[in-house]
Structure formats: structure tokens, C-alpha cells
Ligand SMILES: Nc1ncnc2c1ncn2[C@@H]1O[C@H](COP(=O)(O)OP(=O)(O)O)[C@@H](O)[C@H]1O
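One chain comes next, on its own, written as C-alpha cells: the form predicted on its own.
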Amino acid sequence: MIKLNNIRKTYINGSDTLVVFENLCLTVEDGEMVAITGRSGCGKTTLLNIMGLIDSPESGAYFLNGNNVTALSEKEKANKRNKEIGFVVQDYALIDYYRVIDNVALPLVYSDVGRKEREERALKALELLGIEDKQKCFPPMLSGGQKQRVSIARAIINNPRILLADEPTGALDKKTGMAVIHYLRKINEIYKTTVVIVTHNQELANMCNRSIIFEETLKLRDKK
């Protein structure tokens, strides 16, 4: 479960202080697939980064799977990210000179998993995403949709309880984007992984269990 209590987040812009969140409260239950939507610059990605322990609030408390992670050290946050949280980003963040299978297996290197097991688990993830035939390719040889599926395979390699996706279809055409969402739903349904997606795509948001809409203040709207 993700639970944010009275989160405050600001940015300094010259002599001005921009308040992104003030007393923000939000809960995402285990196994939910939730979309975060709203205008550009309203704080969606900042919220996702706080959930993913990449960014920190000035005040408030963040409970992740029942544990207060607000005051963890950077090393403790990195360890928790690697074990419990998967990330999918718009630009894929793949290493061009690594083969696909090595890109997918990369998080396991930091978990001290042996090479044979890394490759076996990476291949299994690629099979789930339907691109096991691309395992020996390099990212520049792939289409945008294939790159995003490699990114998703890498994000789930450690069997995370939470998968965070920031505009995962933003660089893709509609057909390819819908295919990517199909795979995110598949992961959510098969593994009961909690999936949180930041998106401008309302059609994508409608495929989730719930939408969180940013307006002047944070509002929640259950999918009807």
C-alpha cells in the first residue's frame, strides 16, 4: 500500500517559493491500477518521484507497504527502490551498447544475482512482454514500442510490489501505446502488482481502476 499523509513539497525559483503540494493525502491500495492525470506542470511527475523515493517532501509522512519511509537514508531508499519498486519512463532509459537481455537484467546486478540466473529471469520477463526474440538485439535496432516493452521487462525483473510509469505511451502512436497498456494491465492482473501511471492520455486513464485528477487541488475520481 502507498499512503501519503499531509505531504508538502516546494521548489525554489529565484526569490520565489513554488508550492507544489500542501497537505496532500493519498492512498493507493495493494493491487490497484491507478492513473494520475492533469495539466502539464501541476506536479504529477513530482508525486510519482516521491512515491518512488527519488524525491522527498519537506513535511508529512510517506508509508510504503506499512513502513514509514520518510526519513530513510539515501542508501536505504536505493535499496528499497531496487527491491520493491519498478520504474517505466517515457524515454525508455536503455543502454544502447547493452544487449536487450543485459538491459533487462541490469537491476539484478545490484542484487548480487549470478549471471546465469540473471539471464534466465530476464528471458522470462521478455517472454511475458512478447519480445523474447529480441534478447540479443541492441536498443537502436528496436521500434519505440519494443523499447518500451524492454523497459517494462527491466522494471519487473525484481518482482516489485509497485510499478510506477511516467507517460509510458507519450512517445508512441496510439496503436503501439495501447499495446503497452495491455502489458501493464497483464502485469497488474497476473502478479497483482500495484501500478501507478502518470499520463495525459484519457483513454489510457479510463483503462485503469481509478483516476486521480490534478486540478487546483488534488481530487479523486473513481472510474465509472
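Numbering starts at 1 and runs along the sequence shown. It should be emphasised that the depicted structure is a prediction, and the values quoted were computed from it without experimental measurement.
Same protein, other form: the form predicted together with the ligand, not shown, and the subject of what follows.
The ligand is not shown here, and in the model of the complex it never comes within 4.5 Å of any heavy atom of residue 174.
Within 4.5 Å of any heavy atom of the ligand in the model of the complex lies no heavy atom of residue 182. Remark: residue 213 does not count among the residues lining the ligand in the model of the complex, judged by a heavy atom distance of 4.5 Å or less. Although the partner is absent here, residue 15 lies well away from the ligand in the model of the complex, with no heavy atom inside 4.5 Å. Of the stretches 45-53, 152-160, 183-191, 59-67, only 45-53 has residues with a heavy atom within 4.5 Å of the ligand in the model of the complex. Annotation for 9-42: interface residues with the ligand in the model of the complex are 11, 13, 18, 20, 39, 40, 41, 42 [heavy atom within 4.5 Å].
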